[in-house]
Every structure is written in structure tokens, then in C-alpha cells.
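Single chain ahead, written as C-alpha cells, the form predicted alone.
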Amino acid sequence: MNEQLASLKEHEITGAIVISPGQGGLPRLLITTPASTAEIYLHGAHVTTFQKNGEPPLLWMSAESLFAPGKAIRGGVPVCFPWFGPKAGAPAHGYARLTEWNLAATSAAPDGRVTVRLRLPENLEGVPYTGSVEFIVTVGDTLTMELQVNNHSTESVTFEEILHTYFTVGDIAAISVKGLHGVHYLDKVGGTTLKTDEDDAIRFTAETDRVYLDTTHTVEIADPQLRRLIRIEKSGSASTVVWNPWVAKSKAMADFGDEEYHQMVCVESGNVGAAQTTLAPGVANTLKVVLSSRLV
């Protein structure tokens, strides 16, 4: 690990990026900009922290999260690729979030923004996928994340992708999620049922697990307790997932505190299910998400 950290030091930027061991000894990047701070682990290319100056953390992390090779980090922004959800004989949500990514490049812009480029190792053992996958994170007044997939093979390749973003909220029972009125969704609680969102906003009174279909909408989280409005803008995405595990599922997860569901909500952007992405040979695809917030 010490040799690995030494090799990463060339990517440090004075006053902007420090690379050091994080929890579990895993390598991480600590990022400081004039407007915010952030933390990124190479394990899973996982953004675990983004916090604007003068605001509470935007991203939520479980106090019970594991930080170990082969284990998923609970909270922040897991990168789910090349599938979403369970898969027989394979890890849930794909192998990307369990793999240590390579640090390809770092840079700092004149306006203070910092960009980190991470690359998924190619030809992973047992993975039937040929191509390059990069995750580009830009930290500033906003958090911008881009998952870029390039098909290097001679055949079309199909995959699912989603940025499984966990947001910090004051009280799940008090927030509302706006921007999905009139959109069809799959309700995955107690089975899978196709429904249409007829409400002006999503409010939470029980376990919620919804996959919104054919939607490129910008979504906002209104949080009266933290007096904050969070805005989720995306491109290259036709799916939005909204999730909170509530009581029973929280207790069933070993890496999730029994009461932690009160302070989090997931609003996820990507392409899953019928919206999965198919790339022809030589074609690239970019999923882009921009997170912004303001106090109200």
C-alpha cells in the first residue's frame, strides 16, 4: 500500500488534492476548492464526500459502512456498472463498485475547480466486457460526475449504469422530491407494479423503491429542516431511481444503521432495465450528472 500511495503522489496538487490512506487503509483523494471539499476513494471510484462551504454535507454516508477490498461502500455515490440490481452468481449492482480504479489524471482550473479522472482496469478476470470506462469528477460550487463508456470490441455491447447517489436530509418524513409528476414508474416494493406518479411531489411514509421510466427530467429535493434545495440535473440518462429503505430493510442490512434511514434519500440517475444502453463497435456514451444546492 505504501508503494501504491507513493506512486499516486505525482497526482497531488498543492492546496487542491492530497492523497492519503482513508478508512480501512484504502487510498483516497482529499479535495479542497474555494467553494467546497470532497473525498474520493479509488475503491469503486467512490465519491464519499461533497460539502459546500457553509452547508451541511450534500452526500450521506452510513456510519456502519465497510471499507475493505471486495466490499461495497455504503453511501456517497456508488457507480453501478455494468448491471443494476441482483444478478445470479455475480455481485449486486455490478463489479465496478467493488474494483479499485486507476487514477489517470488530475487538474485544477483557474477558477478553482478540481477535476479527477479515474479509469476502470480493462480485461478484469471473469468480466465479459471489452472497452474503456472512465469516471470524471469535477469539484467546485457544484459536483459534476461523468461516466464515459467506449466500446472497443467488434460487436455491440449492452450494459446498465447508474450513479446510486445518497443525499443527506434533515428528516425523510419532512422532505419532498419534485420533478417526476406524470412519469410512469416501476414500484418495486412487494413486487414490481407499473404505476404513474400523480402527486405534485414524492413524500415518504414507508419503504420507497421506484424506477422512473423514460425520464430526462431535472429533479429537486426540498428539505425544510436543513433549509436546503438540492438540484439533480442529468444528461445521457433515461432512468431515475428513488429509494429509501425505511424500517425493516434498514434493520436487515449489516452495513446500514437501524435508524439511519431518517437522514438519507437516494435519487439515482442512469439507464437501467428497458433503458439499458447498447453501444455499437467504436461508439462512446456519457452519463452526466450535475449536483447543486442552495440554502433557502
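It should be emphasised that the depicted structure is a prediction, and the values quoted were computed from it without experimental measurement. We number the residues from 1 along the sequence you see.
Same protein, other form: the form predicted in complex with a small molecule, not shown, and the subject of what follows.
Colleague: Is V241 near the small molecule? Define near as a heavy atom within 4.5 Å, in the predicted bound form.
Modeller: Looking in the predicted bound form, residue contacts with the small molecule include V241, since a heavy atom lies within 4.5 Å.
Colleague: How about K87: is it within 4.5 Å of the small molecule in the predicted bound form, going by heavy atoms?
Modeller: No, K87 sits far enough from the small molecule in the predicted bound form that none of its heavy atoms falls within 4.5 Å.
Colleague: Verify the contact flag for D209: yes if a non-hydrogen atom of it lies within 4.5 Å of a non-hydrogen atom of the small molecule in the predicted bound form, no if not.
Modeller: Result yes; D209 sits at the interface with the small molecule in the predicted bound form.
Colleague: Answer with yes or no whether F135 is in contact with the small molecule in the predicted bound form, where contact means some heavy atom within 4.5 Å.
Modeller: Looking in the predicted bound form, residue contacts with the small molecule do not include F135, since no heavy atom lies within 4.5 Å.
Colleague: By the heavy atom within 4.5 Å rule, which residue out of R119, R97, R113, H217 makes contact with the small molecule in the predicted bound form?
Modeller: Comparing distances to the small molecule in the predicted bound form, the residue within 4.5 Å is R97.
Colleague: Looking at K71, R203, K178, K188, which is the one with a non-hydrogen atom within 4.5 Å of the small molecule in the predicted bound form?
Modeller: For this set of options, the contacting one is K188.
Colleague: Among 162 to 170, 146 to 154, 102 to 110, 195 to 203, mark the stretch whose residues have heavy atoms within 4.5 Å of the small molecule in the predicted bound form.
Modeller: Heavy-atom contact with the partner occurs in 162 to 170.
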